[in-house]
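This document starts with one chain, in the form predicted on its own, laid out as structure tokens.
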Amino acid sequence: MTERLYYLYLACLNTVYAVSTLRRAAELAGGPEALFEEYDENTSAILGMRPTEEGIRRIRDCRNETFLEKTEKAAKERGIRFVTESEAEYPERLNDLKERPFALFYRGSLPDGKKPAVALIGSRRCSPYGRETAERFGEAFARAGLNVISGMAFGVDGHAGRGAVTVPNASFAVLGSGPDICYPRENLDLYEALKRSGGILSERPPGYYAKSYDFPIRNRLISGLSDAVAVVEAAENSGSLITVNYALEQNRTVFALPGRITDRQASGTNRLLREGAEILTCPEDLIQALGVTVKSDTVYRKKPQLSGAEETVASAVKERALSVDGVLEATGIPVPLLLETLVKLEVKGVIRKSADGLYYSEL
């Protein structure tokens, strides 16, 4: 077998055992090839690893050259590639991680390691303000030449990715599932956009459906692929704070967006600021901290020319998301003109309609 297949073997076993456990086992055996030749469920007991019946079946499946060759071929046919830690294309930023994955599976492309990178993360239950800020900052970072890394989750992560994907090859998502499993399904539009211009990465092999424990584990890769982590909104128990803890272990700089003291979704970010995180009041705070110099007009999109009715509607949804009835009540514009205006503003990228039928500002 090729060296790549031995690492693929370890990556497949990673769905049964933690990276640290497998790395110890490989070292004791004398390397990935030796582990492949010697490893079975009896070895598990010797090493103190207790797989379930499902785990034992997985071990037997993985320890099969034909299975590994078919896995590699099937992935390639579906547009999925993988890079191992022994190959030059493996992201250099991950080399310092104690529990770096044996292989990364991906669709689209890998982040350009020569570009600075920021993890833009936050609450799944973000406010309209957090949603707007995530998209605006995501695009601003991408326009400034940064890679934007997120988890493609509900809320801030998904909107950060949507903002960054407007710039070619600047937006990347790290999934808890295999790279061929779009989760959540509601972000399928973003998933497809990342396949075309950006990347979808995972340490899990194709066909793997994420368990609850996979999401906090993958967070170490979100921070690990970045030079800095920016938290837009986070409650005290937010999963984003797990990423922050990984970032601190990895010596990444942490930024936090301040929020109102009465806002539950800002309690975590405000605490981060009290504990020494860098304050994030505009994209330039982070861009300049990473030593990136850009022209001021490249960070933000220029506001398109708007008619009087368009300006009125755009202003109405600036403060908070509104339904059609809410916009009607706020503006008093006749219904036929209002509906036409909403469509025009969507086309111009000034507003966006959410899945629940609310309109919110994109500027």
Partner chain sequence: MFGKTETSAIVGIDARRVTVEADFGDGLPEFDMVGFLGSEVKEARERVRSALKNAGISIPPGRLTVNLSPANLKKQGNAFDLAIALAVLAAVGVLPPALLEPYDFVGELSLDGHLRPVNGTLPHVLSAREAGKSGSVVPKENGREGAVFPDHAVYAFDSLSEVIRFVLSPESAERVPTVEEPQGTQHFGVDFSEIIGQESVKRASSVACAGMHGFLMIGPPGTGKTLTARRIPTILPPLTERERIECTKIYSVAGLLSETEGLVRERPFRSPHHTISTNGLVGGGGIPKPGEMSLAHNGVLFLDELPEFPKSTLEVMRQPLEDKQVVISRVQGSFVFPTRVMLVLAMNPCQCGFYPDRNKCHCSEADVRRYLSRISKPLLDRVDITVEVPRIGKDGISQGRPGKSSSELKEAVIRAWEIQKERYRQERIVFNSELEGRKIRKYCVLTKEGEDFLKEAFEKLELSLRAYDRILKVGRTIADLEGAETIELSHVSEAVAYRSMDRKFWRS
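For the two forms, the rigid core is made up of the largest set of C-alpha atoms that agree within 1.5 Å on superposition. Numbering follows the first chain given and starts at 1. Note that the coordinates shown come from a computational prediction; the quantities given were computed from them, not determined experimentally.
The next section is about a form of this same protein that is not shown, the form predicted together with the partner chain.
Colleague: Only one of these stretches, 284 to 292, 93 to 101, 185 to 193, 217 to 225, has heavy atoms within 4.5 Å of the partner chain in the predicted complex; which one is it?
Modeller: Comparing against the partner chain in the predicted complex, the contact stretch is 185 to 193.
Colleague: Are all three of 5, 26 and 107 close to the partner chain in the predicted complex, meaning a heavy atom of each within 4.5 Å?
Modeller: Verified in the predicted complex; spot residues all out of contact, no.
Colleague: Which pick from 145, 239, 206, 128 sits with a heavy atom within 4.5 Å of the partner chain in the predicted complex?
Modeller: Among 145, 239, 206, 128, a heavy atom within 4.5 Å of the partner chain in the predicted complex occurs only for 128.
Colleague: With the partner chain left out of view, which of 314, 35, 321, 62 would have a heavy atom within 4.5 Å of it in the predicted complex?
Modeller: When the partner chain is considered in the predicted complex, the option within 4.5 Å is 321.
Colleague: Do residue 335 and the partner chain come within 4.5 Å of each other in the predicted complex, heavy atoms counted?
Modeller: Yes, residue 335 is a contact residue.
Colleague: Going by a heavy atom distance of 4.5 Å, is residue 326 a contact of the partner chain in the predicted complex?
Modeller: Looking in the predicted complex, residue contacts with the partner chain include residue 326, since a heavy atom lies within 4.5 Å.
Colleague: Determine whether any heavy atom of residue 162 comes within 4.5 Å of a heavy atom of the partner chain in the predicted complex, and answer yes or no.
Modeller: Yes, residue 162 sits close enough to the partner chain in the predicted complex that at least one of its heavy atoms falls within 4.5 Å.
Colleague: Please check if residue 133 has a heavy atom lying within 4.5 Å of any heavy atom of the partner chain in the predicted complex.
Modeller: Outside the cut-off, so no.
Colleague: Hey, which residues along 254 to 269 are within 4.5 angstroms of the partner chain in the predicted complex, non-hydrogen atoms only?
Modeller: If the 4.5 Å heavy-atom criterion is applied to the partner chain in the predicted complex, 254 to 269 yields 262, 263, 264, 265.
Colleague: Superpose the two forms on their rigid core, then report whether the C-alpha of residue 335 is displaced by 2 angstroms or more between the shown form and the other one.
Modeller: Yes, residue 335 moves 2 Å or more.
Colleague: Align on the rigid core first; then say whether the Cα of residue 64 has moved by at least 2 Å between the shown form and the other one.
Modeller: No, shifts by less than 2 Å.
Colleague: Please determine whether the C-alpha atom of residue 27 is displaced by 2 Å or more between the shown form and the other one following superposition on the rigid core.
Modeller: No, the C-alpha position differs by under 2 Å between the shown form and the other one.
Colleague: Work out the direction of the Cα-Cα change for residue 344 and residue 187 in the predicted complex: closer or farther than in this form? It's 3 angstroms or more.
Modeller: Their C-alpha distance grows by at least 3 Å in the predicted complex.
Colleague: Between residue 265 and residue 319, does the Cα distance in the predicted complex come out closer or farther than in this form, changing by 3 Å or more?
Modeller: Farther apart, which means the C-alphas of residue 265 and residue 319 are at least 3 Å more distant in the predicted complex.
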